[in-house]
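One chain comes next, on its own, written out as structure tokens in the form predicted alone.
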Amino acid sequence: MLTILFDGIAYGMLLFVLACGLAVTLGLMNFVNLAHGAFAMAGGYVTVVLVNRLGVPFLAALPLAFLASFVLGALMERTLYVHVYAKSHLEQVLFTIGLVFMSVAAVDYVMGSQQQFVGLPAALQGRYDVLGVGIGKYRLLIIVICGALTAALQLILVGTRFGTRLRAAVDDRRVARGLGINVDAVFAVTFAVGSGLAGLGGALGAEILGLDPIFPLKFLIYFLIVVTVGGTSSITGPFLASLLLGIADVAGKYYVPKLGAFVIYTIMIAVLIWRPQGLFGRVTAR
């Protein structure tokens, strides 16, 4: 049971890093980006190419995957996304889901349709046995990295001037501009960082989740469940929701494998019946 709990926490941490960019863009920027999974896929494939084909050490490939997704997000935000910020949520959904299908077709053409995994170094394979609890080395690495990222992200959003400027820009762009805040730059950096985190999550999850061209569609529902259950008023809600769903998913697949992912949907329905706005509420769309 403790081993399942550990694996569930690792999976939940991974879900959070994959989904936190969507929580930020949807909750803090009030923008529905259903193409978020495409940036995670980009980071995963960058890692596959670097590690499996070019021989780059896995740990060195992780920051490169973040950087590649960060740059891709910044470029797309300035050239494409900036034009749909002021559109309705329906138009944002249609635009971003179109980008998902374009990314699926592009990756299928370039990388092929077969599922791919990242070759882990020997030091990250196997388990530690601690008091009868099997602790996977790679999952332990995921917990450490994702935990550090979560703490840093919370600190930046709550305790820095940039986080204050971001919240001010979301609340009232005109007033924020009048106070001298460069709203466009704040949104661009926020979107790029969210994309970079998605890419890092894709790099870390490539070995566990596997990579194929339909990755953005396959895991889109998980990202949306995390944000829906946790709420979008802060990153605390999505973080707790990710841990809850990760543990429930791993335990459900172990104890009741016939139900599969139905356990996650059951939890989502129960939480939303109890709190329709999510665990920590939701920013009202304007």
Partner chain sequence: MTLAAQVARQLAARARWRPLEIVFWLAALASIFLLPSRHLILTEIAILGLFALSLDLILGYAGILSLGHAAFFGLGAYAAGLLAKYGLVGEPVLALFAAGLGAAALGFVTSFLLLRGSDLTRLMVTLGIALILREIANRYDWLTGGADGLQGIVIGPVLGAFAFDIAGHVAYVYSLSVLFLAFLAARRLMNSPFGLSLRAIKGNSLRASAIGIGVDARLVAIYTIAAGYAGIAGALLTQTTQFASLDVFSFERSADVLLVLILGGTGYLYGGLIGAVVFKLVQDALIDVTAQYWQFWIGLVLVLIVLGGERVKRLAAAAGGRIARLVGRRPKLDAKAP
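None of the values given here were measured: they were computed from a predicted structure. Positions refer to the first chain, counted from 1.
Another form, the form predicted in complex with the partner chain, is not on view; read the next lines as being about it.
- Just one listed stretch, out of 198 to 206, 185 to 193, 83 to 91, 162 to 170, contacts the partner chain in the model of the complex at the 4.5 Å heavy atom level, and that stretch is 83 to 91.
- Within this chain, Phe95 lines the site of the partner chain in the model of the complex, having a heavy atom no more than 4.5 Å away.
- Put simply, Pro257 is close to the partner chain in the model of the complex: some heavy atom of it is within 4.5 Å.
- For Ile9, no non-hydrogen atom is located within 4.5 Å of the partner chain in the model of the complex, even though that partner is not displayed.
- For Phe101, a non-hydrogen atom is located within 4.5 Å of the partner chain in the model of the complex, even though that partner is not displayed.
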